[in-house]
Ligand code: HEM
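Single chain ahead, by itself, as structure tokens, in the form predicted on its own.
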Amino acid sequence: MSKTRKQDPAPTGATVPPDPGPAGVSRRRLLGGVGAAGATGLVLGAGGGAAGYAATRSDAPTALTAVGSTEAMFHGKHQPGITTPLQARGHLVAFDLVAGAGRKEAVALMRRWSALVRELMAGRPAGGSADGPGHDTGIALDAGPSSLTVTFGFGRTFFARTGLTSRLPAALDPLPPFSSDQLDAKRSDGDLWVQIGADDALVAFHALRAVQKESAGTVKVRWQMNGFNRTPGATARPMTARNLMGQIDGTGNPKPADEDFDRRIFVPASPGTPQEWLEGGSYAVVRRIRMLLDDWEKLPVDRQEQVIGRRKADGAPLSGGSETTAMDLDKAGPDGRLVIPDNAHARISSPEKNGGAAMLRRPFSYHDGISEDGTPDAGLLFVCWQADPFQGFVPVQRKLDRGDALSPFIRHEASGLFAVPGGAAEGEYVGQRLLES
């Protein structure tokens, strides 16, 4: 271990110039030397810090990485944020219309929100220009689009408050209660719902602030939840994300390449019906699921794997193979017992055990500090997409409710169901086919 060299104090009023080091020192060498002489660097104080910053910073423009430069499209058949790959940062927000606001105000709001989001998703400031923020907050002024997506949905109560009850689809009926529910009404439901996702935390927060500012006077925030996922590029190879239990989560998701993907996830055309305006849209079920991590982490890994039905290391089913190998639900071990237990989460939630019911899970993890009892307030902001929640989420959750081995380690604390219209065509705003029907 290198020792810190004590320096003589400078005379009063004098300035000790920082040691510039060898001329032409490379960034790699400088960073490598920090590990060996980090303590010495601390003694240099402010002067040394400034020198280190100047020596490692380049003011020459460089190209954005793929993480910053990737742009999701605002216009399209479907809204962004549904089939978009998992994003590193997310915000889920529900709004209620203020007293006196109705359909006219909702139309104006959706126009403003759509115009705003189109600019933000392209990496342009909100209400500013490429050279300056204008009335934009400037939070994301230096960043590229960073895969920003903003997705809008309507809750059941929105239709009565805008005089559109004749357009209320049956699939927005309230979700049935489940035994693991401990729902907080103040953090559930809402007239409108907004999902924001990006691969940069500042870009996501910038969009959140812009959306909230643009809504002033029309809606008020009912609840907000903030989440995260692994940053793209943080693993040596692309892989399915892990949740806060350390489990690979999302292996069994429907794939856009599947022949029946659109039928399962997106609402089909239905002329003359109350959901005609929903063509190309989807239904989002949103659940705040608390993970009882202290209890979970007391289990040995082999017991955790029995609860889930998959290996923790690579997500492969206990019946063998790799993560993408189909589960052999009938395979038994030498003792005659099923290799994937009867109550394993992966078995109970599989389409094979639910009449083919499937949903596209696209969650964020969350951590809101420590609860009063000293346990982590952490878990999953579960978001799933389907053409009909009563053929997707509900039958699967009912099955899990009757004996999922994971149930003792989770608690559903908030819930919402939202109808998410199809994407806006050029010249349209999101929800126009509903609000102007």
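Numbering starts at 1 and runs along the sequence shown. What you are looking at is a predicted structure, and each value in this text was computed from that prediction instead of being measured.
Beyond the structure shown, there is the form predicted together with ligand HEM, which is absent from this document and is the topic of what follows.
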Pick from Ser114, Asn243, Thr83, Thr218: which residue has any heavy atom within 4.5 angstroms of ligand HEM in the predicted complex?
Asn243
Ok, Arg361, Arg89, Arg167, His78: which has a heavy atom sitting within 4.5 Å of ligand HEM in the predicted complex?
Arg361
At 4.5 angstroms, heavy atoms only, are Ala108, Ala207 and Ala210 all close to ligand HEM in the predicted complex?
no
For ligand HEM in the predicted complex, the stretch among 269-277, 96-104, 144-152, 341-349 with residues bearing a heavy atom within 4.5 Å is 341-349
Asp200 within 4.5 Å of ligand HEM in the predicted complex, heavy atoms
no
Quick check on Thr251: any heavy atom within 4.5 Å of ligand HEM in the predicted complex?
yes
Gln247 near ligand HEM in the predicted complex, any heavy atom under 4.5 Å?
yes
I'd like to check something about Ile308: if you look in the predicted complex, is any of its heavy atoms closer than or equal to 4.5 Å to a heavy atom of ligand HEM?
yes
Can you name the residues of 283-303 that have a non-hydrogen atom within 4.5 angstroms of ligand HEM in the predicted complex?
Ile289, Met291
